[in-house]
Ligand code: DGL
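For reference, the chain that follows is the form predicted alone, supplied as structure tokens.
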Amino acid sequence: MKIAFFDSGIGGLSVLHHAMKILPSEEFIFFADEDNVPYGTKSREEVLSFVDAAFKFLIAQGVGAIVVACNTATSVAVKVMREKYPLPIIGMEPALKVGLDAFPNRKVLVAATAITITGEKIRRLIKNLRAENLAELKALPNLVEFAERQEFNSAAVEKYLREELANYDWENFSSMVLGCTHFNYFKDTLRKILPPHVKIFDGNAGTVNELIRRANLKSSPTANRQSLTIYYSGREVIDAAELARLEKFLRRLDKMEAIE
């Protein structure tokens, strides 16, 4: 099956990276809306129009399923896209349930973009999990821009995170949930800042499991026959230097995936 992974930028590569490991025989498209990144600072109307344009392009490529590998786009647009397009559409959801299940009755910090943490979707998730007294929300918008320029563990990144997270009493928290796929590139810096008992969770595995279920796929250890085509806002990426840059993102994700 031809499966599309869509994001505002390169954050969604972290979800694709996980999918490529457990679905070795599928055909993948990755669509990064680099003309309009970041989504987290845009209006909901703008994000909805960007997502719809991307969906029209991807469906024209013959995809059989689309993973919206972007928490912001999921929050704003997935419900509308599912009503409009008749194919499996899988969105991202912050792994709040994972954190709550791992450490019942302990607080969880959900870090995301501003548009995600002010959205109805995250509020509904918290209510459904009866986590009103356990979930706290924190916007870390600058991480998206750091990630897009491959600045992952610089002094500026560490300073930003230390300042933004300084006021939390971490003894009251069990975990931090990364509610933006761009944030997955910063697990090593976060691990340096957070106390050892605070675990780091993301929604990649849950999203890919939902893709397998909704698209009736099978995860198997067969020989690797998969292919990957990458588009920036509808333009195929064929430049060798840019492909090498993207490969660096994927190699970093190899390291980040093991960090908890």
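Not measured: the values here are computed from a predicted model. One-based numbering along the sequence shown.
Although not depicted, the form predicted in complex with the named molecule is the subject of the following passage.
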Counting only non-hydrogen atoms, the one stretch of 94-102, 124-132, 174-182, 155-163 within 4.5 angstroms of the named molecule in the predicted complex is 174-182
Worksheet item: Hey, in the predicted complex, is G203 touching the named molecule, heavy atoms inside 4.5 Å?
Response: no
Using 4.5 Å between non-hydrogen atoms, is A77 touching the named molecule in the predicted complex?
no
Margin query: Is I29 near the named molecule? Define near as a heavy atom within 4.5 Å, in the predicted complex.
Written below: no
V144: touches the named molecule in the predicted complex, heavy atom cutoff 4.5 angstroms
yes
The one option of V198, I230, L217, V37 with any heavy atom within 4.5 Å of the named molecule in the predicted complex is V37
